[in-house]
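One chain comes next, on its own, written out as structure tokens in the form predicted on its own.
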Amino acid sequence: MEVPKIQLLLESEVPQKVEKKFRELIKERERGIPTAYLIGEWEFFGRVFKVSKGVLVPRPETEILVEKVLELIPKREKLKGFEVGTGSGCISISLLLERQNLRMLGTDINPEAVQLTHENAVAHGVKNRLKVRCGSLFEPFRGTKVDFVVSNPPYIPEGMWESLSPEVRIEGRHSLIGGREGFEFIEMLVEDSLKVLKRGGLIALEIGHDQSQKVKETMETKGFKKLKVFRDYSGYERVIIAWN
């Protein structure tokens, strides 16, 4: 005799240890701890990545960044890319999984993020094609040359920190705050990328919803050309790509 699913759910006994853990998680969620941190993982670009406190939780807007880079890099050519601020490693690893001839370098100033990127690279089978080191911008790989630079950099102004929800602040100041005006880190990133990009290489950035004009002006001043801007799901100009 078949038993209705709802009856099974209502009559099944939950082990006390499981119930206790569930209630603890509910309390943590009520305190504003993101669900991604509570379960220790989050989906990005159709795959699951390990995440932890102090490292940016992957967001749908960043999937647009990955999509646009994939549209612009050849499938069969052997290329080398560089990600600044790897966080969980979801950007670099997603690119590597979609491009078998690609190799990536990455940096992050947070040693926990570097470790997390490494763990995710191992889990997704790309550890041999991804080198990640702790440090700022391109410094840990000084002298290298790459075909493209990609980054979801911190771009929130310092003065907005206190107005952010506790749920967002827990992701870490270094992951979110891009300087006094929120643009300073992007400015350094654009300028320093010229030191590592090969001629004709591209830079692809996720930016703040109100930063596109300023970023475009900076890129053009530094000599970048053929600028392309793409909107996010809310209609904001969120991703900008340019060539040197």
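Fair warning: this is a prediction, and the values are worked out from it, not measured in the lab. Numbers follow the displayed sequence, beginning with 1.
The following text describes the form predicted in complex with a small molecule, which does not appear among the structures shown.
Residues G81, L197 and N244 are none of them found to lie within 4.5 Å of the small molecule in the predicted bound form, as judged by heavy atom distances. Of the listed positions (V190, A204, A36, L56), a single one reaches within 4.5 angstroms of the small molecule by any non-hydrogen atom in the predicted bound form, namely L56.
Residue contact with the small molecule in the predicted bound form: W42 places no heavy atom within 4.5 Å of it. When contacts are judged by a 4.5 Å heavy atom cut-off, L95 does not count as touching the small molecule in the predicted bound form. F185 belongs to the set of residues with a heavy atom inside 4.5 Å of the small molecule in the predicted bound form.
Contact annotation: P153 falls within 4.5 Å of the small molecule in the predicted bound form, judged by heavy atom distances. Exactly one of the stretches 120-128, 96-104, 145-153, 72-80 approaches the small molecule in the predicted bound form with heavy atoms within 4.5 Å, and it is 145-153.
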